[in-house]
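As structure tokens, one chain now follows by itself in the form predicted on its own.
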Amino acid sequence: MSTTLPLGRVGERVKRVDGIPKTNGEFAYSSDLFAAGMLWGHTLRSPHSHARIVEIDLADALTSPGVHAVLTHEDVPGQKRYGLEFPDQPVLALDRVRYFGEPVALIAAEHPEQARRAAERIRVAYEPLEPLVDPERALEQEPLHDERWTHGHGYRDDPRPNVVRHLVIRHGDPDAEGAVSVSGVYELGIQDQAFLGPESGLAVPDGEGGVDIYVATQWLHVDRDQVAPCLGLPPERVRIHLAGVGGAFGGREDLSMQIHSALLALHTERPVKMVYNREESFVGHVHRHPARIWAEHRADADGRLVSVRMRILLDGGAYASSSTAVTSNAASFACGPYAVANALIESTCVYSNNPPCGAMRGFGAVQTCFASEAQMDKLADALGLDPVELRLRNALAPGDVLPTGQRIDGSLPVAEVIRRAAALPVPELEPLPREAIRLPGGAGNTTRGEGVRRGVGFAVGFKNIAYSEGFDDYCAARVRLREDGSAEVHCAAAEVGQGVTNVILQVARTELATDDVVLAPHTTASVDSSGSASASRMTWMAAGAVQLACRAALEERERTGGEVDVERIYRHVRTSPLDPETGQTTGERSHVAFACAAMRVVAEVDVELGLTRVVWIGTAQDVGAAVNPQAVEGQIEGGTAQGLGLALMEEIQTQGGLITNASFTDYLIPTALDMPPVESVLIEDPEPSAPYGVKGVGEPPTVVSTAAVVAALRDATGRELTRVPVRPDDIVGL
């Protein structure tokens, strides 16, 4: 008799519970929602990146066919502003607009086309203002916000205009001299999360002054806590329910249509559905921060790092979002996963009239990994050392102290991931001639191999897991055990495609020793907060909460018998803020734990045409203990694809703050033809403080893959390639 568990417990390879319906088209996404009698909502957005609003005339729109409501900021019944971290963003523009696409007015109509046509009949008189689009100049120009929204929150209160956060990390003697010094300036463009399901949702009034909002989001409870004050309602009157999510990657941490649809629904007393088109989605969510980074690395003659100095400038766009956390992460991981005795890291994020930026997979660590790993390759070349050997000589290990003063007391097998990735055999060079699809340029059939060179690149990166700097990071789970032995689990952890639904069920089956477990809908109505599906935290936190709740339920049933219903909250080890003047941790730790990855990339480059082809990627990743190895491998492949996209093709183009390529025709993302085989090795070194020893796995591959891909291009071309995405003319030197 087979002992295989058909539904899966912790540590087993389990098929995704949503895999089949997503594959065959039966899965219900938020854009598929429907309610009887519903209206369609639409948002009128600013055509300017910076302008004063002189007048808004709604008369023609109000009399348009099918229109039930036209709202402006004057119709917001509660607080006029909201924000993920700081309430600096208007629900609807007040006296001026600060970015291209900022919401100005809302319309609800019987048909989406009626709503769009009514929006065209709203007359808004703007007085254009000079846009702040250069983050360096923004430090000297007039402030975009009269209020200093981020001051008084434990950060360094920088007196310069438009500073969101300025963090300095001083460690040892940053002026220490080395035998060899290398320096460089690096830039990264604006990357979009490019999820396939644009923002959408449905708001349904409950007839008693409250509202239910069904939406694709990453954090149900923080959505509720922003929406309710703007509606002038207590939190319990606003219920957020997770609808089908078509990808997230940080772009759904901030609100999009939640408040807007609820305003229209409560005003019209009808359900209101809103669905963004692709162009609107590009202005409807935050993006990855573009960055300029100045770096200097010094080493002794044996290749051991003596000092790292880095200055990081991030463009946060019009509103703060999670920029303070991104600023901190960029600084905290600027030195890479290496032991560095002396460092001076300055990280600054500014407001501008460019598109708002916030969380995106690997936030902050992606930007500095690109610069740091390019520096390590330069250092290896200057010392005449093998790049892998240089990294091994400097690899962090448990017991080492980070530039923030935190000692690593958990697992962090940096040297092992380096060795395992470096040991992966690269594929043999394919002989010529070969199919065009297997050459740079692909189906374009631009070459038969003339001018094509092969390069091999290597990179290592690491990042924190969960929320840091003293944030009260917790996750709740509720377990109901019925008399027949079946169980129902409630957890508001957002399933955004990463597989947390499987994790919850695997943990519950393991702890309760039964396969008869169902997961209740994710909602604010039946369980406390789970926190956000971000920062590689959700597997760790949900596993901890469900484990606690299951064990408590079993204990309760042992005492009382019959049906039990218990809720428990899980918290990880306590973290402390970074000192605002020195960047040193003010407690034992400012980060909960860390995960690292190493990656080896083979690429081919047509150096005459500037075209590229990534041939193969091999990676080794520190995963703690894999709850579901199949899902971990999928996360590595997906994260690698996004890093490859940033390396080669993905960039939001702007002119004066206006987005000029808001479509998947002009904003390019990797397709199946762009992705090479990804060979992954899972390094299971359990994290001692985590349930089952788990670690988050979604971000490390994105952190490291951009650096690794560009390293391969440098090896093939001999060019420095200090900016991503790499363009053809960067390669051919036009």
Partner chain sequence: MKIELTVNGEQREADVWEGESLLFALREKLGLPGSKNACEQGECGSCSVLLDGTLVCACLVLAAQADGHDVVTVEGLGATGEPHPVQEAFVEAGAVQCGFCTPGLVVATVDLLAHSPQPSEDEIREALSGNLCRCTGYAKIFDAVRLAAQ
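Numbering follows the first chain given and starts at 1. Treat the numbers as computed from the prediction; the structure is a model and nothing was measured. Basically, rigid core = biggest C-alpha set you can superpose within 1.5 Å across the two forms.
Only in words, not in the display: the form predicted in complex with the partner chain, which the text now covers.
Heavy atoms of Arg278 reach within 4.5 Å of the partner chain in the predicted bound form, making it an interface residue. Interface membership of Glu633, defined by any non-hydrogen atom within 4.5 Å of the partner chain in the predicted bound form, is confirmed. Taking the partner from elsewhere, Pro77 is found to have every heavy atom lying beyond 4.5 Å of the partner chain in the predicted bound form. With a 4.5 Å cutoff on heavy atoms, Ser64 does not count as touching the partner chain in the predicted bound form; it lies far away. Of the candidate stretches 307-315, 434-442, 597-605, 387-395, only 434-442 contains residues with a heavy atom within 4.5 Å of the partner chain in the predicted bound form. Checking Gly303, Pro87, Gly247, Pro229 for any heavy atom within 4.5 Å of the partner chain in the predicted bound form turns up a single hit: Gly247. Interface residue among Lys273, Lys463, His522, Arg165, judged by heavy atoms within 4.5 Å of the partner chain in the predicted bound form: Lys273. Using a 4.5 Å cut-off to the partner chain in the predicted bound form, each of Lys22, Gln191 and Gln642 places a heavy atom inside that distance. Contacts with the partner chain in the predicted bound form, taken as any heavy atom within 4.5 Å, map within 112-145 to Pro112, Glu113, Arg117. The Cα shift for Gly718 between the shown form and the other one, taken after rigid core superposition, is smaller than 2 angstroms. Shown in the overlay between the shown form and the other one, fitted on the rigid core, is a CA shift at Glu26 of 2 Å or greater.
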